[in-house]
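In the form predicted on its own, a lone chain appears below as structure tokens.
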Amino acid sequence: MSLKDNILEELKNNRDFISGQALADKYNVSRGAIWKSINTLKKDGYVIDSVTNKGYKILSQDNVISSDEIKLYLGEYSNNINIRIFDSIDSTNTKLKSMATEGAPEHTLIIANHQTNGHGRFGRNFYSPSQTGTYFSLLLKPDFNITSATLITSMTAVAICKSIESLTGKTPGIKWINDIYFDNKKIAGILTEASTDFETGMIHYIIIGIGINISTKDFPDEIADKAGSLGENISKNKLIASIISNIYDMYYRLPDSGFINTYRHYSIMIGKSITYKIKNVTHTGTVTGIDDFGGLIVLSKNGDTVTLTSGEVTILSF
């Protein structure tokens, strides 16, 4: 690790002041080098108190998104990742699509504290207020075809659920196909977009967009009864890094769909009565399972079994 990373770890692991001389002695550098590293951390957004004859103490860390800290938590997966952080942006997916078109490398990760035009499936708005959530998009360039790519959204949903459960101790749920629920409220959404070669069916790139409400309390009236937040004191850096790590754990094994059993575990759909549309005709049925490609198996009201691979469903009652 760099000197700055080492100092950050020291500050995070100590609640009291640490003297600059003690840090300099431990890492065999000058006090000037310590001072420069502290100033760099401050520029990264960390709030660090500096007191003469006492030293340095970190005052705030969990809500400061830091590429260095994310890479620390990513471990081996940090080697090739390229992180760009924005205080405010129209949409992380929109920005990353533009960068992908211009040749951005695989594993580019765009993160924002605020989106002015965050959106989900069907162009719907995704409420993205400043500082109370985390919004990010990851660029992948797989060597498999579009058939295997249909698993990407399911894979990402599993990654998010595993991370939330590991950090909160509570079990979230997946509402097919791209919404994450927590305490019966939607707290996260996924938007997967791809550029493909129509003739060969091969993929140019895939962008995975994720938005998570962490401490958001006030929602627009139209979603106030459906939207919620994690409501936990969770480090954004840990959460982002955990999700990305979980994605890569499964991504490098695709098209193997072994994670589908985990998807079924987190699904809140099985056994639920739903409405769904086929060719703009609304139908009613009961969800009986999830197939090995993430498709929703539904027993329709007329007794037929159908498997939904795209579209939107409405749960009639939770």
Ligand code: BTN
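Residue positions are given as counts along the sequence shown, with the first one as 1. Please read these numbers as outputs of a predicted model, since none were measured by experiment.
The same protein has a further form, the form predicted in complex with biotin (BTN), not shown here; the description that follows concerns it.
Q: Exactly one of Asn82, Thr101, Asn117, Gln131 has a non-hydrogen atom within 4.5 Å of biotin (BTN) in the predicted bound form; which residue is it?
A: Residue within 4.5 Å of the partner: Asn117.
Q: Tell me, out of Lys71, Lys162, Lys186, Lys97, which residue has a non-hydrogen atom within 4.5 angstroms of biotin (BTN) in the predicted bound form.
A: Exactly one listed residue reaches within 4.5 Å, namely Lys186.
Q: Can you tell me which of 176-184, 241-249, 151-159, 197-205 lies within 4.5 Å of biotin (BTN) in the predicted bound form, counting heavy atoms only?
A: Of the options, only 176-184 has residues within 4.5 Å of the partner.
Q: Quick one: is Ser91 in contact with biotin (BTN) in the predicted bound form, heavy atoms, 4.5 Å cut-off?
A: It does: once biotin (BTN) is placed as it appears in the predicted bound form, Ser91 has a heavy atom within 4.5 Å of it.
Q: Is there a non-hydrogen atom of Pro172 within 4.5 angstroms of a non-hydrogen atom of biotin (BTN) in the predicted bound form?
A: Heavy-atom contact with biotin (BTN) at 4.5 Å: absent for Pro172.
Q: Taking heavy atoms and a 4.5 Å cut-off, does Asn213 contact biotin (BTN) in the predicted bound form?
A: Close contact is absent here: in the predicted bound form, Asn213 is far from biotin (BTN), nothing within 4.5 Å, heavy atoms only.
Q: How about Lys141 - does it come within 4.5 Å of biotin (BTN) in the predicted bound form, if we only consider non-hydrogen atoms?
A: Lys141 lies outside the contact set for biotin (BTN).
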